[in-house]
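Only one chain comes next, encoded as structure tokens, the form predicted alone.
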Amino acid sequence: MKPEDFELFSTLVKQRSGLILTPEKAYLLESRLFPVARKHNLKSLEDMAQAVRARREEPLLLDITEAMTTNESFFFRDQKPFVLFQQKLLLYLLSARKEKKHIRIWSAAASSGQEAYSLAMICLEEAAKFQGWKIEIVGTDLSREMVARARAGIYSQFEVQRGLPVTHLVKYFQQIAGDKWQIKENLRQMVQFREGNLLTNVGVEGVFDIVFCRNVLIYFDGPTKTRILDTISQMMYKDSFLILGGAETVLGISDKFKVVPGAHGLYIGQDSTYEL
């Protein structure tokens, strides 16, 4: 790939998704963009670069962006955040939101939906404690393909074997054609999936009690991380919770949150007095 074409594609992807592509990732860019070129009847990446420069047609720009976005997810990923959610955060909100009996949860950069559905399963497991409550779960992702997959709730045998307890597979899924499993209707109805870009239009409105934004910030530069965290902070109460990935932090990036001692990856508003 010509250096000027790499610069064109990497700049486009950064502007639209925040993803940083360094020159050593040129191989990754090439392997992911060749299928996009074929889809748009372009013979090479050089032809696609020329098309971007000449026409900047939105369907092509969107496909390029989506092709470079990492979509890795599985059920109950890393386990600890979900244990924390079930054993600590829901119990806190059971008391803190007892007047309005309404909890809103946002799974940002939800990919194909496993995180959001994992949270929904936990909420169903704890349903007896929340009789009469309204629990909203919203998952957003910039990829139209991932949002469509998440809404369908259909996963392969390999995907349901990654982190999902067998008891939950039996309880919350139904087997369909071949090795495919689909989330049962009652669980799918608990989660809304929408297109949303953390850099532009996040795809959700209002205020959330819990925000999962895990394994997302690692792909961005410092200023972009600050922008995203500032946006999220505006959609949280002072005692709302933010859960980041194990390799992520707000320290040195945002002054809107503080660490919750004893809970790695858990943050809360600076003015909150919450303790585990």
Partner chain sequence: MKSCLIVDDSRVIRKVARQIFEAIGYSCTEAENGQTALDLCKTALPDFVLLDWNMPVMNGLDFLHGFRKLPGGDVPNVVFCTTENDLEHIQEALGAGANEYIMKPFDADIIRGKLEQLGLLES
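Numbering follows the first chain given and starts at 1. Source: prediction; values computed, not measured.
Here the subject shifts to the form predicted in complex with the partner chain, a form of this protein not shown in this document.
| field | Contact residue in the predicted complex, chosen from 161, 182, 197, 192 - any heavy atom within 4.5 Å of the partner chain | value | That would be 161.
| query | Here the chain is shown alone; which of 97, 88, 151, 80 has a heavy atom within 4.5 Å of the partner chain in the predicted complex? | reply | When the partner chain is considered in the predicted complex, the option within 4.5 Å is 80.
| Contact stretch among 198-206, 104-112, 151-159, 132-140 - heavy atom within 4.5 Å of the partner chain in the predicted complex | Result of the contact check: 151-159.
| task | Check whether residue 187 has any heavy atom within 4.5 Å of a heavy atom of the partner chain in the predicted complex, and answer yes or no. | result | Answer no; every heavy atom of residue 187 is more than 4.5 Å from the partner chain in the predicted complex.
| said: With a cut-off of 4.5 Å between heavy atoms, is residue 122 one of the residues that contacts the partner chain in the predicted complex? | reply: Result no; residue 122 lies far from the partner chain in the predicted complex.
| query | With the cut-off set at 4.5 Å between non-hydrogen atoms, does residue 170 touch the partner chain in the predicted complex? | reply | Yes, residue 170 lies within 4.5 Å of the partner chain in the predicted complex.
| Wondering, does residue 176 line up within 4.5 Å of the partner chain in the predicted complex on heavy atoms? | Close contact is absent here: in the predicted complex, residue 176 is far from the partner chain, nothing within 4.5 Å, heavy atoms only.
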